[in-house]
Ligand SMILES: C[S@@+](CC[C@H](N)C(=O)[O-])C[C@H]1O[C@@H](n2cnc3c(N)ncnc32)[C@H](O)[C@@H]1O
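Before any questions on binding or motion, here is one chain by itself as structure tokens, the form predicted on its own.
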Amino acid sequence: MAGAHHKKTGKLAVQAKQLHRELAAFCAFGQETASGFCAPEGSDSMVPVYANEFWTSKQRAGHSLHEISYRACFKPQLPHFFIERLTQPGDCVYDPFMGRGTTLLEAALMGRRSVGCDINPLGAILVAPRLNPPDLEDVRDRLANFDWAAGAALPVDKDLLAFFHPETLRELTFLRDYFIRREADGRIDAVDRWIRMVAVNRLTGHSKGFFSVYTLPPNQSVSVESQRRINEKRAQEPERRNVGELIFRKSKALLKSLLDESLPPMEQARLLTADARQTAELADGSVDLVVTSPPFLNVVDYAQDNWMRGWFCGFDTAALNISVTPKIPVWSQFICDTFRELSRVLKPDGWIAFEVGEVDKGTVKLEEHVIPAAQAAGLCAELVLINEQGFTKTANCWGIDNNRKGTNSNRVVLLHHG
């Protein structure tokens, strides 16, 4: 049996009892918890479910270093909730689908050891610099010393003029060439990595704070053909952007929390660029807590959304083996294989907080497929937590009706060894 009926001992039992009690009585944001059970098809268990607003819906309530956009990312309050309750300082927190690195950064800020994995090299590019942020003056000096005019001698991809003013594109081409050469000859340093990370984050967006003309939100890149249609529809042409100025401005915003407080000592995180199902570099029983969100069922095309970021960093995202699974059985098998590997690296009294959001306007509740997949991998479902935010148009926490694609609530399955 899973959940509250599964026999647990020691620290695991104490933490589980405390968490059930806290979730049932939770009312920090003015509403009582709705509770019930789910009994997924193919599962032999009744798993407790708790629904409430368990963390703030404010968009900028976390550390400023988190303010990097990435498709389908969760807010830092989600990993904070579980890290605070299920780990101690010095424990190891792991995210096998780290994306922009929210779990890793939040864990490091809370004095835990961070380990992350992503099959997309962008993960490490976005995460590592924020775990070792430079001094703002060093960023200013490096930007001031760049030979921006050197971009005029480099060939440019003229298709990108759909997004960028010619002068802006020349500056971006210079930066791209600079970073690729510095990395190839081993001379790239922490300040370079920071500037590259910020530049990657500012490539395309919907305001003058980005290098591009108006396009889709900053966590995805449309095709050249789509951008041309957007330009025609809006009767717009790319305006000149000063690349160095925008990078410095964003750097100042990201580092603003450090003006008022110092970072806790953060050990160097371990970052893998690998398939989450195959992480032989990680030792058996080395992880205290996993907090992650896997690729959702046929919702996000990470390769297409990040093609321009890949171009800037010197690789083709289309060549990456990023999972996009349109069918439940295929997705469930992928999740089961991932759970087998997570079971190996998880300590005997460790936890997995597995966030699956919702898809198809709430008609597909992925937790009902996660639980059987976890059980097939030897894991046990303790509970399901549904974080129901005030800004979502929720009609019912058991089946959110929202009129939009994508993730509208956080649905987290909490797991441990069976």
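Counting begins at 1, following the sequence as shown. Note that the structure is a prediction, hence the values are computed from the model and not measured.
What comes next is about the form predicted together with the named molecule, which is not displayed.
Novice: Under a 4.5 angstroms heavy atom criterion, identify the one residue in Phe211, Phe82, Trp194, Phe97 near the named molecule in the predicted complex.
Specialist: Result of the distance check: Phe97.
Novice: Pick from Ser251, Asn120, Gln227, Gln220: which has a non-hydrogen atom within 4.5 Å of the named molecule in the predicted complex?
Specialist: None of the other options qualify; the answer is Asn120.
Novice: Within 4.5 Å, heavy atoms only, one stretch in 173 to 181, 101 to 109, 308 to 316, 153 to 161 touches the named molecule in the predicted complex. Which?
Specialist: Contact criterion met by 101 to 109 only.
Novice: Given that the named molecule is not shown alongside this chain, does Phe334 nevertheless sit within 4.5 Å of it in the predicted complex, heavy atom to heavy atom?
Specialist: Phe334: yes, in contact with the named molecule in the predicted complex.
Novice: Hey, in the predicted complex, is Arg142 touching the named molecule, heavy atoms inside 4.5 Å?
Specialist: Output for Arg142 is no: heavy atoms all beyond 4.5 Å of the named molecule.
Novice: Going by a heavy atom distance of 4.5 Å, is Ala128 a contact of the named molecule in the predicted complex?
Specialist: No.
Novice: Is Ser343 part of the interface with the named molecule in the predicted complex - any heavy atom within 4.5 Å?
Specialist: Contact check for Ser343: no, nothing within 4.5 Å of the named molecule in the predicted complex.
Novice: Which residues, if any, of 233 to 255 lie within 4.5 Å of the named molecule in the predicted complex when only heavy atoms count?
Specialist: Residues within 4.5 Å: none in this stretch.
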